[in-house]
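Next up is one chain by itself, shown in structure tokens, the form predicted alone.
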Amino acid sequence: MKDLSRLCVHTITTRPWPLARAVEAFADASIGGMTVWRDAVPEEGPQQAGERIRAAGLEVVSYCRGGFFPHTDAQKRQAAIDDNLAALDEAAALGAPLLVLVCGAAPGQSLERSRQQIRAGIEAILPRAQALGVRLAIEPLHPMYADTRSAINTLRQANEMAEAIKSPYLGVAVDVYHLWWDPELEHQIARCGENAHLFAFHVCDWRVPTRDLLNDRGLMGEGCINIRQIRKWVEDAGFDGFHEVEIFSMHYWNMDQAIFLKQIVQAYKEHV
């Protein structure tokens, strides 16, 4: 039987479940870790949520999500920075070692201007991240999301920003859904390894055809991504962390989540 100790499932993947149910089910399935999304934290707050997760034998892998720095309005840019500072405090209370950044974009300005604002936002929150001991991961998103979700669309762009800021608390997250198409991917993953800033590895699959560009991700093995090849590249670059299953899917959210979780485990064993 394949070891599941490096398997992590995001709370967004089994979104219909409240955190307590997800913790119980993940632990019963011998899954090693959980990445917690902000909307999944119950009313009692992140500290108690973290205690619940660890008491079940799961590791808190990361916290999602920060970012969304760019705005054409200066007050909104400051509000985004303030929200990211709050997210860092929440991550620390949860016991998450990493905050994943979906960096954002503002359609009323150039992508380059948005990237400048992303860098300024990251630099503004880095001192808090370092003080709390929480690392930040820039997650490049597929170019189809360049309108509002992220002006960082290639691993090259993420690497360049991380190298320019040059902090041990800033790295990148490689998500196969967003990056599988990139002809530079192998080289840029190796570049992550050279700079020791590959902080996270997310897996799912690209369905053919894709019915919805946001909420129709596939289980590993039911699409066109060569996940095992990309896994080899990240491990050759020195990555030895969790394989995080992050699936947005109306199809899977509408089914029995216990059955879905069994399918996740099976797909992980066969295709990751």
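Because the structure is a prediction, the values reported are computed rather than measured. Don't overthink the numbering: it's just position in the shown sequence, from 1.
Absent from the display: the form predicted in complex with a further copy of the same chain. The rest refers to it.
Checklist entry - Applying a 4.5 Å heavy atom distance criterion, does Asp147 contact a further copy of the same chain in the predicted bound form? => result Answer yes; at least one heavy atom of Asp147 falls within 4.5 Å of a further copy of the same chain in the predicted bound form.
Checklist entry - Do Arg119 and a further copy of the same chain share at least one heavy atom pair within 4.5 Å in the predicted bound form? => result Heavy-atom contact with a further copy of the same chain at 4.5 Å: absent for Arg119.
Next on the checklist: Against a further copy of the same chain in the predicted bound form, would Leu111 count as a contact residue? Criterion: heavy atoms within 4.5 Å.
Outcome noted: Leu111: contacts a further copy of the same chain in the predicted bound form.
Checklist entry - Heavy atom to heavy atom, is Gln130 within 4.5 Å of a further copy of the same chain in the predicted bound form? => result No, Gln130 stays farther than 4.5 Å from a further copy of the same chain in the predicted bound form.
Item to check | Partner-contacting position among His202, Arg191, Arg115, Arg135 - heavy atom within 4.5 Å of a further copy of the same chain in the predicted bound form | outcome: Looking at the other structure, the residue within range turns out to be Arg115.
Item to check | Option touching a further copy of the same chain, based on a heavy atom within 4.5 Å in the predicted bound form, out of Asp236, Asp212, Asp28, Asp39 | outcome: Of the listed residues, the single hit is Asp212.
Item to check | Options 31-39, 50-58, 204-212, 239-247; stretch whose heavy atom lies within 4.5 Å of a further copy of the same chain in the predicted bound form | outcome: Careful reading of the contacts points to 204-212.
Checklist entry - What residues, if any, in 220-239 have a non-hydrogen atom within 4.5 angstroms of a further copy of the same chain in the predicted bound form? => result Read in sequence order, the lone residue that approaches a further copy of the same chain (within 4.5 Å, in the predicted bound form) is Cys224.
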